[in-house]
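Given next, in C-alpha cells, is a single chain: the form predicted on its own.
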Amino acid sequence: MKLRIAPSPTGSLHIGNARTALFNWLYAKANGGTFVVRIDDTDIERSTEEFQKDILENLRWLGLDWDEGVEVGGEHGDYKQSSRFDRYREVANELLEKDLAYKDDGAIRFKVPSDRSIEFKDFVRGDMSFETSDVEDFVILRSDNTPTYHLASTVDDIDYGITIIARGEDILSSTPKHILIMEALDAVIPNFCHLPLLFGPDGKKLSKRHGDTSVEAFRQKGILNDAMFNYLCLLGWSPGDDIELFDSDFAISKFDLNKVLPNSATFDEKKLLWLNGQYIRSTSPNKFEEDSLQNIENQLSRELFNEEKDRLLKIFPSVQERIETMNDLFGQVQFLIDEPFIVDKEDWDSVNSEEAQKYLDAIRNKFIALGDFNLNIIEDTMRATLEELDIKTKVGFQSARVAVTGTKISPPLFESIFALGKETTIARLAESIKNYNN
C-alpha cells in the first residue's frame, strides 16, 4: 500500500491540504503502508523555495513523517515535478504514437474515447460512474512543452507505484481523465478516495474571507501542534464514542478512510481554540513551565532573570487554567517581568475613584505591616479591608488589580499579588495613589 500527498509550492500549507496529508499519513500508518511526499512544482513562475520550505516544515510540525519523497529520497530522484519534464514529454509522445493523443495548435490533447463509462469505487462516495461523452479532449502537454496537471500528476502516480489516491473532492471531476491516461499507458488503476472539502462556519468553501487558512498562521497564533493534529483529524472523521481528545497513536489505531464522512466538514476556529485550551490544561506542570519560560524569553529576546522566573513560576498554575493559546501567555504575566511597568490609562480611569483610593491606601498600609505574605493572608487582608471600609468588592478589587498588574485582564488577583511579592506590590500601590489620584 502506498499513498501520497503532492502539494504545490505556490503558497503556504493550506489547512485543507494539511488535512488531506494527515488522512493519507494516518491510513498508511494504520495499514503498514508507505507515505510519499512529492512536490508538484510544474508552475515554475509561482513556485518558490520559501513556499516549499513552509509546506515541509509545517507537515513535520504536525508530526507527519514520510517514508519516501522530497528531502527523504527514494528511487525517483528529488521527487519534484520540475525535474521530470523529459519524462512527461516522453509519455505525451508515446500517446501520440499510439494515436491516443493528437497535436492541436502546438499543444498535445488526449483523445477521449466516445460512448464509454468510467467506473470506480470511491472510499468515501461509493460507486462512481462518468460518461466519456461528458469529457472533452483535454490538453496534456502545452504548446510550450510543459505538462498539465492531468499528465504530470497521473504519470507520477504510475511511476511511483501509488496504490491509493486520496485527495480533495474538487479533483473528482478530473479523475475520469486520469483513469483514461492510466489505461492508455497499461497501468494498474489505483483505488480512489475523494475527501470532502472544508467549509467555514457560514457554510461556504473555506477561503481567506474566513480569516487565516494556513497552518503557519495558526502556528504563529500559538496553536499547539498536537492540538492542530487532533482538530484536523476531526474534520470529516471521528474515532467514535464521542471521543474528541486523542493523540496520534490513538488516531492511527482507529483511522479508516472508509469511515470518512462524505459531507463537507466545517473548520471552526473557535472549536480549534477550545481544543487548544484543553491541550494546554492537560500539559504537565513541568512541561508547561518549560514551554512558557521559553515563550516569554522569545518575546523579550533575552534570558529571564532568576527573580523573574521565581515570580512567574508562582503564577503559571493559574495562567495554565485560563489561556487558549500560548500567545495569550505574555499579556497575562507581563506585569511580573522587570520591564517598564505601564498602567493602562483607560482601564485605570474606569476603576479609579475616591473609594478606590481609600481602599488602595488602606491595603498598602496593611501589607507593610504584614510579617508573612502568603496567599491566604493576602486574601484575608483584602477582604477584611473591604468590610471595614464598607466598599464593594468590585470597586476595591478592580482598582487593586489595575494598580498592581496594569490592566483589568490578568490572572486571579490574590495569586497575582502573591507572585509579584510584598515589596513590589507596596511600591505599585504607592505609585497608583501618587500618580493617578483624582
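Think of the rigid core as the biggest set of C-alphas that the two forms share within 1.5 Å after superposition. All residue numbers are counted from 1 along the displayed sequence. Predicted model, so just to flag it, every value in this text is computed and none were measured.
Omitted from view is the form predicted in complex with the RNA, to which the following refers.
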query	finding
Residue contact check: K254 to the RNA in the model of the complex, 4.5 Å heavy atom	no
Distance check, A107 to the RNA in the model of the complex, heavy atom within 4.5 Å	yes
Any non-hydrogen atom of D43 within 4.5 angstroms of the RNA in the model of the complex	yes
Non-hydrogen atom contact G236 with the RNA in the model of the complex at 4.5 angstroms	yes
Partner-proximal stretch of 89-97, 143-151, 183-191, 156-164 relative to the RNA in the model of the complex, 4.5 angstroms, heavy atom	143-151
The unique member of V112, I337, V351, I171 whose heavy atoms fall within 4.5 Å of the RNA in the model of the complex	I171
The unique member of N58, T385, S410, Q52 whose heavy atoms fall within 4.5 Å of the RNA in the model of the complex	S410
Contacts with the RNA in the model of the complex - residues in 233-266 whose heavy atoms fall within 4.5 Å	L234, L235, G236, W237, S238, D242, E244, L261, P262, N263, S264, A265, T266
C-alpha of Y359 off by 2 Å or more between the shown form and the other one on rigid core	yes
Did R383 shift 2 Å or more between the shown form and the other one, C-alpha, core superposed	yes
Is_shifted A30 between the shown form and the other one (CA, 2 Å cut-off, rigid core)	no
